[in-house]
Structure formats: structure tokens, C-alpha cells
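First, one chain by itself in C-alpha cells, the form predicted alone.
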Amino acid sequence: MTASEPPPLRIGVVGAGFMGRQHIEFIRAAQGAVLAAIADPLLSADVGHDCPTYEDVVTMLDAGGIDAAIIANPNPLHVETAVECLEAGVAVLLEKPIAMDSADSRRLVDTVAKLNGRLLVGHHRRHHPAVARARTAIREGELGEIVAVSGLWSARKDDAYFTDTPWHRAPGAGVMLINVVHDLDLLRHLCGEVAEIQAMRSSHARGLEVEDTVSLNLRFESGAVGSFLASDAGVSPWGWDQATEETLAFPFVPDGVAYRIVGTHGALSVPNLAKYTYGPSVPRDWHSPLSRTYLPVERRGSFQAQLDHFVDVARGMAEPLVTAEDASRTLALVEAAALAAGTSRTVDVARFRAEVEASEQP
């Protein structure tokens, strides 16, 4: 560290489960951060870590010595833990979903505003270079007017995922809140707000209290329409996790595709960024052959990029790419999908959000 460089950001990790362990390794590999503490009741007596361990977040905060916290504990604890950290003046990277429900997420939105808190929500895919490049292509009209988008995520989770971690099979989990929340967030990020949503869901493959398979139909405020299919019980090579090298837990499928975006001038698949357009000297219709090129993009993992961004947010050098308000809107969209599935009707998303916010008014 030179005299002009700030000291590494001291980060405490709350929750040392699957996601927490990933964050711990990313911090250890980072240049601008250092692992300063871990809070998890199962690690309170663990001497195998190179930092202090605490039974709970309150004890960790009382001990001091951290500038920021990454919260990766079970979903039902997200809001309360984040509020405790913010009230202690600690910057927060909060894993998704932001809360158990959108009504509870509004409490966190209000807390951030009241305290002028520094909070980034961990919709990490937004930080992937391919997503940034795809968003630029859409915003700058490289595909023309967007008319449709489709997406798929399906993978056969092992039985231990549900038996070893009981909350994975209880309300607050399910493929919608654990997996589809990421995809709906990215579809919002790429294609804009969703105006209407329809949904069907099923639990028949696993027989759990939570759903294992969902099918969604979307109408965006722009007029584009879309669909998304997800399952944590079905074998497939298709989805974000398989199409990227984000973590060794998911075997990589080269040139894999998670989303297909269709415009009036061209089409784009993500994250491999294959772009399909007509040549300059041929008619722009279905009788002409399409040319495929790949948009150039740097190779970098979204978790590493997210951590670098969080360091800047914690130091007050950047505004969060995913705010509490933004993440609350994604969660409201997931809930609107659940309502659509439970009532077999089309849900107006803006009206649904307004009703949730109105219900929270004193």
C-alpha cells in the first residue's frame, strides 16, 4: 500500500453458508478489502479462520473493527440484520432477496433514506461485463426496438440442498425467491419495468411446501413481451449459472445462453453476446440470411466486480448499482408473479406496488 492508497476495507461476513463462504474467498482474493470478522452461530468456537468469529451480528458490531458487512444469512433475517448494521454506521452488501416480502423491504428502504446509509443489494449479475455490454446495446438501439425476450434457468439441485438446510424448503425460499429473483432483476435491468405478469407454478417434482418449477409471461412498459421458465428439479445445461464461470459449483457450458433478446434490427443472446443482424446490402426480412458476430467484452467475474464496486460504495466514492429501492421493486415483481400464479390472473405490477406501499403507511 502506497501513501496515497486508502487502507483495505475491513469487512465482516454475516452467515457462513454457501453464499457466505463464497464471499469470504472473494474478500481474501481482493486487493482493496480484508476479511475482518465472521458472524455465524455455528462458527463461534471455530479456530480455523484467520479472523475473529462471533456468534451473532450484534456481538460482531459491538466488538468493532469493521467498516462494512456482507450479509449472507437466511432470507428471513436479512432486513433486521441490515438495519442493525446500518444503525451501527457500517456499510452493507445485502444478499438477495432484500427481504421476505416487499412490504418488509420498504422498512429497509426507509432506513437507508433516514440514515443516509450505504447499502448495495447483491444482485451480482448486474455487475457482469456481458450484462453491462448487453444493456448498452439495447439502450443505444443496436437491436432496434425491443419486441420480445425469453429466458430459461433449470438445474437439478441435489437433495442435500433441501435436507441439510431446512429453510430452503420453507416459505421464503423456493425457486422463485432463490433463483428467479435474479433473472427478473436482470430482465428489469435490461428491458425496463414490467407492466403486467402472468404465472404458473408447480411443486409436484419435489413435493415440498415451496415451488420447484415456474413459468412466467411478461409485458414490459415499453410494449415488449417476454417469457421465463425456471426449475430447480429439472436437468438442463441452460441458465445463467451454467453459461458463466461464476463459481466452480456449476459446470461451465461454453457459449451457453440464459436470455434471448429480440429487436426490430437484430437479436442478442446473453451472456455469450452473440448478435444476429442482416448484412448492409440485403433486405431486412426473413428471406435474408442473418450474420452472427460476438460483441467484445472483457472477461471478469461479476462477484469480483461487485466486491470492487461495494468497496467504492462503502468509501462513499460511488452510488450503489442496485439500491434498496431498486431491489424492492424486483421483490415486488416476484410477489406479483406469485399472486398471478395463485389467482390465475394477470397482475398489474405498478398497481400491486402501490397497494403494498399504501398498506405500509401509518
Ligand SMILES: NC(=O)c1ccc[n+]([C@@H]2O[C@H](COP(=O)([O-])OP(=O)(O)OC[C@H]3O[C@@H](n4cnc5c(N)ncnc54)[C@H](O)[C@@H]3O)[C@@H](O)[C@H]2O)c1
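Numbers for residues come from their place in the sequence shown, where the first is 1. These numbers come from a predicted model, not from an experiment.
One more form of this protein should be noted, the form predicted together with the ligand, which is absent from this view; the next part is about it.
Colleague: Just one of 212 to 220, 137 to 145, 261 to 269, 166 to 174 has heavy atoms within 4.5 Å of the ligand in the predicted bound form; which?
Modeller: Contact criterion met by 166 to 174 only.
Colleague: Does the ligand, in the predicted bound form, lie within 4.5 angstroms of each residue among Gly20, Leu42 and Lys96, using heavy atoms as the measure?
Modeller: The answer is yes: all three residues contact the partner (heavy atom, 4.5 Å cut-off).
Colleague: Quick one: of Ala72, Leu108, Cys85, Leu119, which gets a non-hydrogen atom within 4.5 angstroms of the ligand in the predicted bound form?
Modeller: Result of the distance check: Ala72.
Colleague: Among His182, His189, Lys275, Arg206, which has at least one heavy atom within 4.5 Å of the ligand in the predicted bound form?
Modeller: The residue in contact is His182.
Colleague: Does any heavy atom of Gly12 come within 4.5 Å of a heavy atom of the ligand in the predicted bound form?
Modeller: No, Gly12 is distant from the partner.
Colleague: If you check in the predicted bound form, is Val282 within 4.5 Å of the ligand, heavy atoms only?
Modeller: Output for Val282 is no: heavy atoms all beyond 4.5 Å of the ligand.
Colleague: With a 4.5 Å heavy atom cut-off, would you call Ala341 a contact of the ligand in the predicted bound form?
Modeller: Looking in the predicted bound form, residue contacts with the ligand do not include Ala341, since no heavy atom lies within 4.5 Å.
Colleague: Considering only heavy atoms, tell me if Ala103 and the ligand come within 4.5 Å of each other in the predicted bound form.
Modeller: No, Ala103 sits far enough from the ligand in the predicted bound form that none of its heavy atoms falls within 4.5 Å.
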